[in-house]
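First, one chain by itself: the form predicted alone, in structure tokens.
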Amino acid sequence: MPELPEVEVVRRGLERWIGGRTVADVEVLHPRAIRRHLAGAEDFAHRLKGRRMGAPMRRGKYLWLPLADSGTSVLAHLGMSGQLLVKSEQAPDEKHLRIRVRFTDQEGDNPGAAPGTELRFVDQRTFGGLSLHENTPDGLPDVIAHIARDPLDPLFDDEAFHQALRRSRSTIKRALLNQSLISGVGNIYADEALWRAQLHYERPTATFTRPRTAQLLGHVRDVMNAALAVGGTSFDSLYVNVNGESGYFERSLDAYGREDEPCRRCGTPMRRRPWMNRSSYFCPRCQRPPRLS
């Protein structure tokens, strides 16, 4: 699934091309794409028509489009293969096009957006979708109000995270993927940050000192900013920006997907272990497992 850098790349593209534009009409082409909007396709389209899109927002891996003066937002669930694409109205429909949003391009709309473009939600596996939700006083869709801030958020509290980490009685990779502690870190970037910090994924969180937590957060931020700079990580054509272009951070991965390849730090063959229906990649020399008590 896309993680924070991939979602932020999409958010930035939407901000440029969609923010400030007024919805002319909405076409729902597959019911599963709005299954989380319980009132159905007709209600979804009706409530968006005539609304102006605010600046797209993100927390962790969650992306939403506020609707100006409505107290509601369109929450985008990208799932395994969801894409938000900005395309010309004349461009051929994608095979897996699920939702189309057209705009009025009236006077006062986003002057930077190309007239005649539309927003398309494309989803090959139909695990994702769009849904409309009421906003909390903080401006978040109510269904994600419990999600913690992400490490690139200027208001992320490092000390509060350290205290929560110590209380969690967990292991470090489980904690990094716990969206109520820290959001936006998925399997790929957890492995990358842990490799940089020379920490085994099963290290108990109770052993973390403030300096160790600060060091790890620094590596989490560094790896995510590095991924952002090159458009995120795209292992296949499913993870793309709003123009349909793939990122290429996979070329710079130090841990994830490098089983049996030499560690870039010490040369020891990297290992992969099954972990919570996923995989963990690590160096057995640089990231020694914790001793059993």
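Fair warning: this is a prediction, and the values are worked out from it, not measured in the lab. By rigid core we mean the largest C-alpha set that fits within 1.5 Å across both forms. Numbering starts at 1 and follows the sequence shown.
The discussion below concerns the form predicted together with the DNA, not included here.
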Interface residue in the model of the complex among 139, 79, 218, 204, criterion: non-hydrogen atom within 4.5 angstroms of the DNA: 79
In the model of the complex, the one of 198, 135, 104, 126 near the DNA [non-hydrogen atom within 4.5 angstroms]: 126
4.5 Å heavy atom contact, residue 16 and the DNA in the model of the complex: no
Contact flag, residue 210 vs the DNA in the model of the complex, heavy atom cut 4.5 Å: no
Proximity of residue 131 to the DNA in the model of the complex, heavy atoms at 4.5 Å: no
Touches the DNA in the model of the complex: residue 279 (any heavy atom, 4.5 Å): yes
Interface segment, criterion being heavy atoms within 4.5 Å of the DNA in the model of the complex, picked from 170-178, 149-157, 83-91, 219-227: 170-178
Partner contacts in the model of the complex for 50-65 (non-hydrogen atom within 4.5 angstroms of the DNA): 61, 62
Exceeds or equals 2 Å, Cα of residue 267 between this form and the one not shown, core fit: no
